[in-house]
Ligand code: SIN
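Let's start with one chain on its own, the form predicted alone, as structure tokens.
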């Protein structure tokens, strides 16, 4: 299906081109800086839930407009990571590599953002400011499709489990320690962000679909299993996200916007580029990303 066939999807205002069969879509003809029509905003929310990651080319977003676009989907003042903030905009994070402090290695592993929080963000809007000439792609993987591809017996088993999530196995400790006063900053982050338990399988509150909710960046152990058993099971579950059919890979261009459902996907940045790269990121969320029991 191409975007000229968008009417087949039942959308009235959106021209949607499915990106890959199982995940992702490119949205044509939408100016996110002026997405004020309520029918359009409703369909954007529907499309995000349906396709899990949306791509928009040739956008022009000031920080204020990026925040307003985020509000289509949730509250931009919810959970944040440890990236530096844009001056004057505490809800806009700067993901910068190649100049000054580099965060090139922080996100080069499959992960769902901020699962080390008891209430992670429900989604993210990422805006390409400075893009390298080649490389630096971002990949997304569908956590619902990853669950679907498990055998029924394994699905039944993992639905009974919980897993521990922490930021400490990730690239964040090294990023902290590379900064001035890094040890103190790291100690402060550890004190404020203790490991949390999440169900291994969650239910998406909009679509009702099951989500495989573990990731190699932040998930450290399955509760109740011996370490060897836990490690073996996590390796098997993590491998679901390596399957090409559940993935979408974006080649960035300047002024590209990616918006993704942080509950239903994982993503990773490919650190194969040289030179400067700058993205503005706004995470958005709700008071409860997953209603009780989901």
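Positions refer to the first chain, counted from 1. Keep in mind it's a predicted model, so treat the numbers as computed, not measured.
The next section is about a form of this same protein that is not shown, the form predicted together with the ligand.
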| item | value |
| --- | --- |
| Any non-hydrogen atom of residue 126 within 4.5 angstroms of the ligand in the predicted complex | yes |
| 4.5 Å heavy atom contact, residue 95 to the ligand in the predicted complex | yes |
| The ligand contact in the predicted complex: residue 16, any heavy atom under 4.5 Å | no |
| is_contact(residue 166, the ligand) in the predicted complex, heavy atom dist at most 4.5 Å | no |
| Option touching the ligand, based on a heavy atom within 4.5 Å in the predicted complex, out of 138, 203, 117, 75 | 138 |
| Contact segment among 263-271, 56-64, 37-45, 239-247, judged by heavy atoms lying within 4.5 Å of the ligand in the predicted complex | 263-271 |
| Stretch 262-285: residues contacting the ligand in the predicted complex, 4.5 Å heavy atom cut-off | 267, 269, 277, 279, 281 |
